[in-house]
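In structure tokens, one chain follows: the form predicted alone.
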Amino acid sequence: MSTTPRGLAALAGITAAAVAIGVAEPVAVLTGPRSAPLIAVGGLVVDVVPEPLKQFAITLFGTYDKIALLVGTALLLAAFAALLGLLAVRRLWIGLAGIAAFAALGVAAALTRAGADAADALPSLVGAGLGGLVLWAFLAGPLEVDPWPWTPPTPPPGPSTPPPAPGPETPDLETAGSAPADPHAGSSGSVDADPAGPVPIDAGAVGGPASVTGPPAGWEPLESTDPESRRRFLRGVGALAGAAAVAGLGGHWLAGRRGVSAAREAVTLPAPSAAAPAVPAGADLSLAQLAPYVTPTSGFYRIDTALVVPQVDPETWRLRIHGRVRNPIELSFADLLARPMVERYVTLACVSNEVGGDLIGNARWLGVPLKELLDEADPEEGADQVVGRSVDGWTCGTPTAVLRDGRDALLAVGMNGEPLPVEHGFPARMVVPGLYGYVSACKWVTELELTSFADFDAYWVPRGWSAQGPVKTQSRIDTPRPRNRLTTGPVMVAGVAWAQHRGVSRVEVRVDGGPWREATLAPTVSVDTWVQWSWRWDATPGEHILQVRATDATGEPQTGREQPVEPDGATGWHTVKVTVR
């Protein structure tokens, strides 16, 4: 059993974990970033965590949900490592077994990811091996401890007999034998004159080292270390933690160098054979706090299950269109770019978007019509689902009929005039107007498999989401917002509304539950994009409730019935409470 104090033992466990994670990063440069233990285990958490908890994370952290997951995983790992350090003080094998268990979890998580091979186990194994070595080095032998690390037990309440005063006379043996036992007597039965003094020492052989014979019964050890020994311990912790940080950051940097940013920058997009319609004058009202009509690429929302962005080399990328088709197709990236391309404005929305949320954006996309690709592959009868499969194994199921009904469903390669950003699906992704992303917006797509909804459930369906997800009519108030300082008089109320592939015919606003007042719609490119709206309000002093609703081009008004995002998108009227002075 080690005599290392508890605080230092916990620190030793955390340091061992940091070394394991840090060393695994440069190893993962060779095997792929998804094989790094933290990423692999985090990906496993994404797959198995209950849907309510996952949705709570998206609602709370939005597009930062992945960062929050990794930070949370790291904190849990640190707590687990500290506990292992404490347990290893008594039994070193417990700490080493705990590290082995975490290594097994990392290996299992890495090997169960799509496209994994045996090499993906290396980061977890190498990291755990070095982490275990660090824990052993810290705890296998005791620190140099204070020679007398013992404290007497707390005496029971009540009167106590004070120890006899020291004196030159030798006590009468008969009297001494009948006296109460001294609580400070050692195992030899001798009496220590000073209760705070040292325990008995066996001098051993002449010239041999003295040794502590042990504490009296009931005495407890003190966590006291020699100051110099403690300093050496902390210096070792600092050095190893620093080395782990350098290894981890260095591995992350090397992984970035091995990425595809340079390959993306080398891509020259072809001119579209059918350019996007020009954005009409007045489509963007350019009001403060109002979302712009075209969302900047840097501000476009990103929600997916990838903890590390897949790095897909366009030189080796292939798209397979297979399954229940009469003419399977395989395309390279060069083949794809050689096809006629169209450019369209399309608004995409995430099914996790709460009423009034911002997980929605409008962009200009360039790509090959999916209808042309599917017509060429010639689906068989009954193949009513197209399963888009990402390079990381994620799947979405899109109705075949929707992709062939004439809407501008694209296999996109460009976004806002540039090649797709890596985090948005480079080299190619699906863009389908009128469907939530979880059933259509496959990024880093590498397969389109024709099957049926009866035969295959895509990623989100077994997790409680609807197999088909048409976008619901929604509207949002962007300005004013609750934190704004409003004054009596004219106030411009404005926002956006959407009903992709149906279009928005009307937007109405009401104050404090009063009558609905029709807002003014700005021009828009097509029914596949959102539309800005505005309404002039003569504000009066006090607190007020603003609400908005939209009506689509079929005449169907947005429902006021409140429904959560699961299983097929939130409903309700966006409501904003404001104060007018």
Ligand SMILES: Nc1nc2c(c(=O)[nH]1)N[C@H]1C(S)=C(S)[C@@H](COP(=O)(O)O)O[C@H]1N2
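Numbers for residues come from their place in the sequence shown, where the first is 1. None of the values given here were measured: they were computed from a predicted structure.
Missing here is the form predicted in complex with the ligand; even so, the following discussion is about that form.
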Requested in this report: Counting non-hydrogen atoms within 4.5 angstroms of the ligand in the model of the complex, say which of 134, 321, 341, 349 makes the cut.
Outcome: 349
Query raised in the report: Given that the ligand is left out here, which of 392, 408, 478, 120 has a heavy atom within 4.5 Å of it in the model of the complex?
Result: 392
Report task. Check whether residue 107 has any heavy atom within 4.5 Å of a heavy atom of the ligand in the model of the complex, and answer yes or no. Result -> no
Query raised in the report: residue 501: heavy atom within 4.5 Å of the ligand in the model of the complex?
Result: no
Query raised in the report: Wondering, does residue 429 line up within 4.5 Å of the ligand in the model of the complex on heavy atoms?
Result: yes
Query raised in the report: Are any of the heavy atoms in residue 300 no more than 4.5 Å from a heavy atom of the ligand in the model of the complex?
Result: yes
Query raised in the report: Using a 4.5 Å heavy atom cut-off, are 305, 424 and 443 all in contact with the ligand in the model of the complex?
Result: yes
Query - in the model of the complex, segment of 261-269, 384-392, 69-77, 481-489 with a heavy atom within 4.5 Å of the ligand - result: 384-392
